[in-house]
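Single chain ahead, by itself, as structure tokens, in the form predicted alone.
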């Protein structure tokens, strides 16, 4: 009886997860289907499959690329995402190592400040942040990198610190006895062990930064558009008219890189998140 109940429960859970997966995938599927339809038919029949009358091939993609300045925006988004993620992973991993190993009240207070930053909503600081960033000259594609470092360090330090605490101290002691300095000990011993968790926080931060609209819009404006800002501005026409065909096509192109990155590194996410709960 117990075995039958377990099989029945597993089947119900599987069916529920399949339904949830379909619910989450349905908007993406609709975007892909509508990206190949004429703009005149998207609003009238958004759930209908493209047919001989509504199918326009790659016309929406070509129009979107021409009108949105997608190539330049794509390059900016790639630079900002890759640069910010590298700063977050390297800087926060070193910070987490210090917070997990140092003794005294200062590391504890500093760790609590990082955790507290996770619960501060962006809307509370966005106006003052925009003013300060403009005053110090960080309103550029390069200047926005430390801004993302500041906003993403709370969650990144929180995850990485939990993992560092599970690394045995004997690894560092052995490296120190062999003559390794602090930097050599970190980059040759600690950081390679942190790879699963580092990939996890890289994926989480890359998804956030790539899809972020508000922060680049406030700091960079419309002159240095990222992909989300370029899509929103270029596809919005006069008198509220919107090129939904080009919009759908650009959305498809925008989600392909981050989905590919996620699929490549997804196996590290679960192991990286739960690694901090396993003590060495």
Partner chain sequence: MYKRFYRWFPVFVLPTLAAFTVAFLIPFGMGVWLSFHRFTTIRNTHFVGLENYVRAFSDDGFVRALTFSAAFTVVSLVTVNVLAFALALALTRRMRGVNLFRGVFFMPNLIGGIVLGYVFSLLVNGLLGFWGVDITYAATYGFWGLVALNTWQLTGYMMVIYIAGLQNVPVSLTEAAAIDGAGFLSTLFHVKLPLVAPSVTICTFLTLTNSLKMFDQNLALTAGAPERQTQGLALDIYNTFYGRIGWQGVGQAKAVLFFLLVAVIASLQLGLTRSREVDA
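Residue numbers count along the first chain shown, from 1. The term rigid core refers to the most C-alpha atoms you can superpose between the two forms while keeping them within 1.5 Å. Small disclaimer: the values here were computed from a predicted structure and weren't measured.
One more form of this protein exists, namely the form predicted together with its partner chain; it is left out here, but the text below deals with it.
For residue 118, a non-hydrogen atom is located within 4.5 Å of its partner chain in the predicted complex, even though that partner is not displayed. Remark: residue 150 counts among the residues lining its partner chain in the predicted complex, judged by a heavy atom distance of 4.5 Å or less. Mapping the unseen interface onto this chain, residue 222 falls outside it, with no heavy atom inside 4.5 Å of its partner chain in the predicted complex. Under a 4.5 angstroms non-hydrogen atom cutoff, its partner chain in the predicted complex has residue 130 among its neighbouring residues. Taking its partner chain as positioned in the predicted complex, the residues of 163 to 188 that bring a heavy atom within 4.5 Å of it are, in sequence order, 169, 172, 173, 176, 177, 180, 181, 182, 183, 186. Superposed on the core, the two forms barely differ at residue 225: its CA moves less than 2 Å between this form and the one not shown. Positional change of residue 26 between this form and the one not shown reaches 2 Å or more at the C-alpha, relative to the superposed core. Once both forms are fitted on their rigid core, the CA atom of residue 42 lies 2 Å or more apart between this form and the one not shown.
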